[in-house]
Structures are given as structure tokens and as C-alpha cells.
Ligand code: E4P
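A single chain, nothing else alongside it, follows as C-alpha cells in the form predicted on its own.
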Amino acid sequence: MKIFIDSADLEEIRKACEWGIIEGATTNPSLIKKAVEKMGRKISMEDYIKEILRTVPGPVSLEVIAVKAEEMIEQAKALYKKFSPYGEVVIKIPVNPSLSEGDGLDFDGLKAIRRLSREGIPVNCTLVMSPEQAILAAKAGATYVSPFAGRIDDYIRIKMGMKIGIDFRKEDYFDPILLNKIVDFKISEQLSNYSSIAEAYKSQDMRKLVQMIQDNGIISGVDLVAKIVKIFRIYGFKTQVIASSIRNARQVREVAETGVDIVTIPFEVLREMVRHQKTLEGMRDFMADVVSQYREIFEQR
């Protein structure tokens, strides 16, 4: 599994690359804008992107901002031509750029992916929220697909009536096992109200209860990634899966267990991954136990 950094902050990117674990990066225009403003000195967005590409030892995803296929293709070619001399450019294309029902743009992302892939421009298909979307992106020729694990977790919690910032923080771990146990308990309590299994199965109350804790059969963001990885392996799709919208270290471990190709991780989650209270305690004990004779070995000239 490769590790990309999900950041446009050049200081964060440089530090993470110095750690020797980063093999690529994902960015978006708003993150780049914030990072440029944070620098507090005059630098163009174009020069800032070039510096990111020079720093990262691998693919860097840059995003188009159009929604129509021809415009996305034009922007993708411009980005690739302008920045590929400075590093390994990948173009982010949304799987479905539609902004409203009926605008006729549902398939424009796939059209753009097909054209760009045929012209040798690597594409990261982004905003993937279902295995169905991932299948279409792979068939269109995407180099990568990026399922948004954290956003699916948020979506399921919100479906249950929870509120971001009140009932949960985005960085909180989403526990589908606990949730399913709770629902199983609720169902077992209510089964006595039905004369048969068939009656319970047809019950709208039962159906709503189950549907509330999933998204069309997807029980978590990690489950979304796992199902896409499984489908791609079955059919031999060459498209690589980038687990995206990662919120915490445990989520990284769980998507790694799916066999995902790449996980793109925010800087603070990378820091969380390397820390453990018992490791800190062990280091303190170790340093306290170093005898003077052993220390002298390193002081000899």
C-alpha cells in the first residue's frame, strides 16, 4: 500500500516527505488557496503548485474546475502541459459533475476520463461515493478512483439524526460494528410485534431502521473501499483505488486491511499513526535504564 499526503500545505508536505514515507499527494484548489495565503508572502498559485510538484516524489493530483466534458478536457490538458515538466501530474475529474438533477451532465465526467485516458493523461476520478460509480470510472479508463470514506461515515451518521460538531466530530472514529449490534438489539425487541418473519420483513418501520444505518448496502466508508477493492480484483481492473477522506489512524489501518492500493492521509492523521502511549512510556523507561558504561561507547572519539 502506498501512502500519499492529503494536503496543499508546503511545510506539511516537506516534513512528511522528509520522514521517507510519502509516495504522492492529493490537493484541491481551496486547500492550495489557503496554503498560499498562510505563507504570508507574495507567491503566485502557479509557482506554489510547481514547488509542490518539485517536492513530492510521486503523483500529485490537480483538479479541474469545469463541469462540462469539453471544458474539463481543455482544463486538464492545460494543467498537464503547464505542470508536468515539474513533476508527476495527475488530473482530478469528478465521477459525476452534475450540479442539479436534469442538467444533463451526469456522464460528462466519464466522457472526460475516457478522452484523457486515451490521450495518455492520467486521471484520478474523485468524489466516488459508491462501488457503482467506481465501476463506471474504471471502465472509462481512470488511472485512479478515490472513494471518500470519511464522507460516507458522515452521511450515515447524519441519516441517523446526528449533527456534526454536536453529536460527533469529523475526526471521530465511526463504529459500524457497534451500530449494527444496537440495531440488531432493537430488531429483536420488536420481532414479537409481528406474527411472522414475512410480516416483519415487509414492515416499513423495520426497513427504515435498517436503511438508516447504511447507504444502499454500504455500512461505512471502510466498507465502501473494501467493496470497490474486491470488485476490481475480481475483474482485473487496472485502475488503482485511493482511499480518500481519511479522518483518523484506525481508519487508515482498516482500509489497509482491505488491500487498497493507496491511502491519502492528512498530516495530523500521519502524526496520530506514529504515536502510542506505551511507545512513549517505553522510550522513557529505555532512556532511564541506559547504563553509563554503554553511554561511554558513543562518547569515545
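The shown structure was predicted, so the numbers you read here are calculated from the model rather than taken from an experiment. Each residue number is its position in the shown sequence, starting from 1.
The same protein has a further form, the form predicted together with ligand E4P, not shown here; the description that follows concerns it.
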task = Classify Phe148 as contacting or not contacting ligand E4P in the predicted complex by the rule of any non-hydrogen atom within 4.5 angstroms, answering yes or no.
result = yes
query = Heavy atoms within 4.5 Å of ligand E4P in the predicted complex: does Lys170 have any?
reply = yes
ask   = So, in the predicted complex, is Ile43 in contact with ligand E4P at a 4.5 angstroms heavy atom limit?
value = no
key: ligand E4P contact in the predicted complex: Thr239, any heavy atom under 4.5 Å   = no
key: Contact check for Arg157, Ser220 and Gln251 against ligand E4P in the predicted complex, heavy atom at 4.5 Å   = no
Location of ligand E4P contact in the predicted complex, chosen stretch of 242-250, 65-73, 272-280, 45-53 [non-hydrogen atom, 4.5 Å] = 242-250
Proximity to ligand E4P in the predicted complex, single hit among Lys227, Lys77, Lys92, Arg115 (heavy atom within 4.5 Å) = Lys92
inquiry  = Under the 4.5 Å heavy atom criterion, name the residues of 3-20 that approach ligand E4P in the predicted complex, in sequence order.
reply    = Asp6
